[in-house]
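Encoded as structure tokens, the following chain is the form predicted alone, with no partner shown.
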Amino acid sequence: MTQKIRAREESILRVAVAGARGRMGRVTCAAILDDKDTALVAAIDSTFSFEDPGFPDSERCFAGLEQALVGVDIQVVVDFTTPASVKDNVLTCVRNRVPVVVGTTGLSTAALSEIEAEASAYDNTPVLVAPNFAIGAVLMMKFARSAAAHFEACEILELHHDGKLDAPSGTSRLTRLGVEETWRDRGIDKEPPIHSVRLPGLVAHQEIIFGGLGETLTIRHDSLARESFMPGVLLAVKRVRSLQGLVVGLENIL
């Protein structure tokens, strides 16, 4: 019986969440705590209040990522911090050879290139950057690529809560990239415009509107609650260690 218990404990994935007191961080911590295959071994946030009843015991709470990596045996880090800190957090994980799942948007092309080079230098440490963890959003982007094979004009409208720090969103930029790649294959060289809306009451929403001769096609996805992202987050946490180096997009592990 003792051997079975030990084997069970060793099979549980030890996960840390950076940005644990943010909107997405809180929901992610709860999802990891609730999942039978994962354990929340570190909740990381620079503004931690140790009396916060929404988190486990204070021994698992850390003000900094490096402190957590030194103090706890962590197998995967999930980053839901801010555009200003995400790159340094990812590089810290890579240099400690700890796989990282990145949900924070706002990483520039130059930052992604730097992360890719560092990940390669440190044993191809896995880094999964997912602009959107909702399965429906991944399908939305796939459908947009398919539509771009038949339409030559589109515009993207992305709508988010007023606390979102970056605009345009990572999802809209990745959608635009997919459309552009499809258009280039057709010999069409142009960039779809992105329109950003930030309002209270919203969570995460996006439309891609294609226009053709006498018709339009609208592809829309709505996340009505942050829990909609959790199946994708948990999937990423459980599969990221099978990757090599930098991978962008949840669709790569579906």
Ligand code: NAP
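Predicted model, so just to flag it, every value in this text is computed and none were measured. Throughout, we count residues from 1 along the sequence that is shown.
This next part talks about the form predicted in complex with the ligand, which is not shown.
Please tell me whether any heavy atom belonging to Ser46 falls inside 4.5 Å of a heavy atom of the ligand, as the geometry stands in the predicted complex. Although the ligand is absent here, Ser46 would touch it in the predicted complex, with heavy atoms inside 4.5 Å.
Although the ligand is absent from this view, report whether Thr82 comes within 4.5 Å of it in the predicted complex, heavy atoms only. Thr82 belongs to the contact set for the ligand.
If you check in the predicted complex, is Arg97 within 4.5 Å of the ligand, heavy atoms only? Arg97: no contact with the ligand in the predicted complex.
Close approach of Leu243 to the ligand in the predicted complex, 4.5 Å, heavy atom: Flag for Leu243 set to no.
Would you kindly say which of Glu116, Asp166, Glu180, Glu155 lies with a heavy atom within 4.5 Å of the ligand in the predicted complex? Of Glu116, Asp166, Glu180, Glu155, the residue with a heavy atom within 4.5 Å of the ligand in the predicted complex is Asp166.
Based on heavy atom distances of at most 4.5 Å to the ligand in the predicted complex, which listed stretch, 120-128, 180-188, 139-147, 85-93, is the contact stretch? Among the candidates, contact is made by 85-93.
Those residues of 181-209 which, in the predicted complex, come within 4.5 Å of the ligand by heavy atom: Counting only heavy atoms within 4.5 Å of the ligand in the predicted complex, no residue of 181-209 makes contact.
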